[in-house]
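Only one chain is included here, represented as structure tokens and corresponding to the form predicted alone.
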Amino acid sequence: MSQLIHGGDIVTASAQYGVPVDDWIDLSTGINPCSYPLPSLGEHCFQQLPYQTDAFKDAVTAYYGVTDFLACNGSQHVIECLPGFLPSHPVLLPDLGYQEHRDSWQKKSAECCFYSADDYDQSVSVIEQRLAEGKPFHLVVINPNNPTGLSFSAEKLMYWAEQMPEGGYLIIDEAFIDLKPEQSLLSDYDAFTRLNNLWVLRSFGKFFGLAGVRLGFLFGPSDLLKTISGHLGPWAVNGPAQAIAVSALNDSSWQQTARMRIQQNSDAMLELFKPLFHKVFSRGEDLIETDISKMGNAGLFNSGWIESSLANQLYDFFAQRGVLVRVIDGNDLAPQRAGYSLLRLGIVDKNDAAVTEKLQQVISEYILTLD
């Protein structure tokens, strides 16, 4: 099998498999395929230095419900720098999640410990045991987790924040929470601002389908926000990104429709791939419904564990035909995952006949190789 390619890297995939960039179907990310329609942008967006406008600040506050925030060039920017502004304590992270979190802490030489990213009971047990010890540490939670889909209630996360030892911070990455904003820690403004040990990261590009805009937000203690803001400088968000965000964040009608449409597209993807899931997940089991119910689902992606050899075969087969999926090797994560990989699939627009027909054809061809 050819070397696995990171999610969204169509350019590398094109060079490796000889499929033109424009001919790919990208299922390797969790980005809304039905993106927000770009508004008309005035020349001032490009001509003036991008100081953050009142319209931009008001739109952010209206959408997220919090007045103190730091806007930046994508949440990735904050993930990279945040560990450098927090006390030097050990950090507890999901054993499987957006890899940049782990990398950023390791670059700061932090002691990294891990909890399960796909076993709710085990993760709660490990986290609460660590809290009970009373020693300062930082806790990183990706909610819902990318790529497993594991999620925790706002009440559970708030309880953990209240139990955090002095000097420790709870960092919540809510990159995929927009489908269910009521589950965000930002939904209870009073409770969020009452505690001074909470950080929440939000991503603009995934839900609005505009990853190229590069816009993210950090919410947390005001004094530290000012310190980090000074580090990033006055022009952390470019002018066109601000103008697009003002339109998108204020468009509640589009947002409501998008949530329903994403769910419909997710359901359609599950139905489209169901015959394949029956082959790769059941492996002799009688009830495919049981296996599908174990899949992680965050709306913008679905994921499930399959044998690594099968996952690699599937990845290569699909890539040769211009469909990029995401495969994550579980061998280095935990003993029970040895020999298994996580297959994560993004979604497509179910109303795009050309895309769905091509996917149906590739799926059918692959199933024939398993018979």
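Not measured: the values here are computed from a predicted model. Numbers follow the displayed sequence, beginning with 1.
Another form exists, predicted together with a small molecule; not displayed. Remarks below refer to it.
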**Request:** Examine K279 and determine whether its closest non-hydrogen atom to the small molecule in the predicted complex is within 4.5 angstroms.
**Result:** no
**Request:** Please check if H138 has a heavy atom lying within 4.5 Å of any heavy atom of the small molecule in the predicted complex.
**Result:** no
**Request:** Flag W254 as yes or no: does it have a non-hydrogen atom within 4.5 angstroms of any non-hydrogen atom of the small molecule in the predicted complex?
**Result:** no
**Asked** Quick one: is P90 in contact with the small molecule in the predicted complex, heavy atoms, 4.5 Å cut-off?
**Response** no
**Message:** Which is the contacting stretch out of 130-138, 150-158, 71-79, 186-194, given heavy atoms within 4.5 Å of the small molecule in the predicted complex?
**Reply:** 71-79
**Asked** Pick from W105, F208, F176, W199: which residue has any heavy atom within 4.5 angstroms of the small molecule in the predicted complex?
**Response** F176
**The unique member of S203, S123, N265, Q242 whose heavy atoms fall within 4.5 Å of the small molecule in the predicted complex** = S203
